[in-house]
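For this one, two forms of the same chain are given in structure tokens, first as structure 1 and then as structure 2.
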Structure 1
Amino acid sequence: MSRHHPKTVLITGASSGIGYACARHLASLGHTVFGTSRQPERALPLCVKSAIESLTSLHFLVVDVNDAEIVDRAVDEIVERAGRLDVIINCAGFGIGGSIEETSDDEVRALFETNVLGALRVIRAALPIMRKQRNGLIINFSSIGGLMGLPFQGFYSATKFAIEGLTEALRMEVRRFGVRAVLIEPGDFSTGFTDRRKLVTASESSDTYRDAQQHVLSIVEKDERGGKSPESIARLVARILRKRYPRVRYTIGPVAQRIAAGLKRILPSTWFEWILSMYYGVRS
């Protein structure tokens, strides 16, 4: 299939924010897009809205990436309806705020379940089809938080570090089948992510980290709410779809955050940690 032909694209977490922006933009370019939401009450109105806006190639499916069977069924349905699956975009995810010490095992599991295993389930369901086609593109959403451990978002960072490692390895494993894998590492964008961030339950009744946590998360929220809307990410995704040999990673977002990502690569770790600690006011 030529790089410029319309492609069949599956986007998880397409009911909001980055996923929704990507779904609309790719459909407006003529790609056949299947976006997902866990909630029928969100997916159905989005189907109607796309029809009203003449985005006839944008469809929504009800999918919870925490459920492997549902993911497999969704991929089967797409192949049945569109005849192929060229691109998967793993966007579904959420954040959690709280200290490493106070985050429970269940909270860590729930985060990895969606942010890491959710992406893995979609990859596993799609790869046999992509291998057979000898063509496919996997786009995994990491984060600037996948390049550096963020205080009071440590486990969110851990899920994105996992996505980074998984994608780097996957690229080398699937290249021989004509399948490419790419990381997108956004900085702060204004989406539903901030309001959906969960707070570690134990932190609500403990004062061990209260002041530092509140201070850091207030900076995080201010940065996110002040971020741009995610259309530039959607345009980046459309450009990646046209590339025969996409890069390993694409960092996108506010200049200061892209500079931070660059500094992390070149500075001694303790210097970088000092800068980050100063920024978040967690020097003691």
Structure 2
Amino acid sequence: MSRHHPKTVLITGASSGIGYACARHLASLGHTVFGTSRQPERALPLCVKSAIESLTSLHFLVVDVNDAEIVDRAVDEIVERAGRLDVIINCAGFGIGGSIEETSDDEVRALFETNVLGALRVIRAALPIMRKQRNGLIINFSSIGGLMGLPFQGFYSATKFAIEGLTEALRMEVRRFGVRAVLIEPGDFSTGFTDRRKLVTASESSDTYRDAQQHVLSIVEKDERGGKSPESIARLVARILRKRYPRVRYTIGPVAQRIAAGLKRILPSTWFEWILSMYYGVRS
């Protein structure tokens, strides 16, 4: 992939948070960016509408990543309009808070449907084009929670663990076609993700885990709201687009969280679990 010429980029979940920051920044650098949102353009936030008006290379498509036909049509439209597809960035996703025991099958399915299968649908739609071009870049957003299981966010962590494994395998499968796959693992940033986190339904009427769950999620929300804006993630993405041979993964976020990710790799599991439990106050 050329490191210097403008690229055609598809970004899912681009109407807010990390996805929006990446879409706006890459478009400002001259890349042709197609952001997706489940909302029609008239319902997009004012900041997004303003960016579309001021950046001629920023476009939005109505796409639900849970619908394979819609995803396929969107990719076809991008190729028809731009002539190629160089980069896909999978940002679409959401989080849930609750205990493993009290999370229902339907809630787990909905989470995996968007966070894992949604990314997979976009990858499947884009790969035939990238293989034909003999180049392409796939950026999948994981999380610090994809490196360690987080209490009362266990199923969110599970979806990000899945993205980690999927991307590692994908890299080996598509390398010979000139396609690269990369993981970005953000820590806590200040985005709308916090307000969109859903609580599992059963936790509203059960007191089994209530006190511990509320305590842990209050820490999580405080860390997220106190995080920096996602602009630094957008700049990281821009740098990755310029690399001929990007790394497997890029961890970005508060220093303490990046240190924790490193400790997870070197400490005995029980030691690391103790540290995490102490931080979230879930030691018995």
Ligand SMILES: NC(=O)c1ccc[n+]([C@@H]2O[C@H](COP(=O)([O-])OP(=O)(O)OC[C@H]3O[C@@H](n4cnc5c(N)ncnc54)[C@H](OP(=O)(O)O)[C@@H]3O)[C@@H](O)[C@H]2O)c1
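Think of the rigid core as the biggest set of C-alphas that the two forms share within 1.5 Å after superposition. Numbers given to residues start at 1 and step along the sequence of structure 1. If you're wondering where the values come from, they're calculated on a predicted model, not measured in any experiment.
Structure 1 is taken from the form predicted in complex with the ligand, while structure 2 is not.
The Cα position of residue 53 differs by 2 Å or more between the two structures after fitting on the rigid core.
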